[in-house]
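Taking the form predicted alone, here's one chain by itself in structure tokens.
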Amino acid sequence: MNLRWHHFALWALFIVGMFALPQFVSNGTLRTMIFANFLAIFAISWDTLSGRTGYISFGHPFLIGIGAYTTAILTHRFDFPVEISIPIAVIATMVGGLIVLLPALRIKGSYFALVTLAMMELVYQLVQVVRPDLTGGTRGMSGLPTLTRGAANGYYMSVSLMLAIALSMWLIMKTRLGTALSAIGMNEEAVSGSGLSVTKLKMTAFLMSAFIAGLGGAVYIHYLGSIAPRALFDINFVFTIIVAALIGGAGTTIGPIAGAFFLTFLLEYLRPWLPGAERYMVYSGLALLIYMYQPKGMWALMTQATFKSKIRP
């Protein structure tokens, strides 16, 4: 690994700052930050596959939904304890996603994106019409057991999970595995020509992405205490995840976190003036401007600004 002490120092400073935040902000802000933490988890999950390997997924809620619905059904219908249902949900996400989407990894470009989008739409329709006594049909399920109560407790739970995932993925991406995954995104044929198994590498990236998505989805619905297919499989949810990763900085770890917090607070502050879907038009336009100016996202902009300030006489 190519790690330096100041990298760990920056992570330590970031972690301390995040945990100290509840002492300085209101409960309303904390609740907004809880959703930002979960969006960051989903954006990191998407980036692990799409941002690194270049296989753009438009159906990521398919994976999130497997984890969410598995734990919801187990706890609500069969009285499983949450501490058992969540690990089962994560395993179900990895296995179910692998069975369905692994064949799709053999195709590239827009075809892969369309397959993932089709899978999300298929699952959305299935959970409404197949065994609605289990899935709750179009209404979903409410009254699910919650993991915590109160804004501060919810924040500490979500930020702990987000930071654990982010730090783990940062360390993994500093290994040879991370280098190989990023190389696939740049030139898949060159990676294959070097003797590495591209299929195994893509499968590893997909499993890591599914693990994060399943875990995040399961914990998310146990924070909310409810699940609804219309919200989970909404197209705006898909694009929010993708835009968070892209404008933050795809192919990085801190980028999706920055993008998730930026978008969450932007949408929240636009709510009084644009209570409907118009908010998404605003952030889409802003995201497009950022992406056109700097395709590597906000993290690259911040890095460039820091570097210029250091060399300024």
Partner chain sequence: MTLRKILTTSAAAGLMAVAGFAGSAFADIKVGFIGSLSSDTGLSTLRGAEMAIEELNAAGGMNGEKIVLVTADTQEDVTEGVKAYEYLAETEKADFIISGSIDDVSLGWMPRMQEYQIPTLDTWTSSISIIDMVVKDPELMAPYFMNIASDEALATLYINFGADVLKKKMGWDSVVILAEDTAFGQAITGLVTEAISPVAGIEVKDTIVYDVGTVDFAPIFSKAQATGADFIYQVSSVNSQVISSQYVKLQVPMPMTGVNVSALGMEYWEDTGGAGGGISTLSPVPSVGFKLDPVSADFVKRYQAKYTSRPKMPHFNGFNAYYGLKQAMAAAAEVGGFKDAKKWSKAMEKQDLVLKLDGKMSLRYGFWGKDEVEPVTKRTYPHNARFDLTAPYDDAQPSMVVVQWKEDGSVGVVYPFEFATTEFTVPSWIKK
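Positions refer to the first chain, counted from 1. What you see is a predicted model, and the numbers here were worked out from it, not measured in a lab.
The form predicted together with its partner chain is left out here; the points below concern that form.
Heavy atoms within 4.5 Å of its partner chain in the predicted bound form belong, among the stretches 156-164, 223-231, 210-218, 86-94, to residues of 223-231. Contact between Q128 and its partner chain in the predicted bound form is found at the 4.5 Å heavy atom cutoff. Proximity of M169 to its partner chain in the predicted bound form falls outside the 4.5 Å heavy atom cutoff. Although the partner is absent from this view, F261 stays clear of its partner chain in the predicted bound form, with no non-hydrogen atom inside 4.5 angstroms. For R139, a non-hydrogen atom is located within 4.5 Å of its partner chain in the predicted bound form, even though that partner is not displayed. Looking at 15-44, the residues that come within 4.5 Å of its partner chain in the predicted bound form, counting any heavy atom, are N27, G28, R31, F35.
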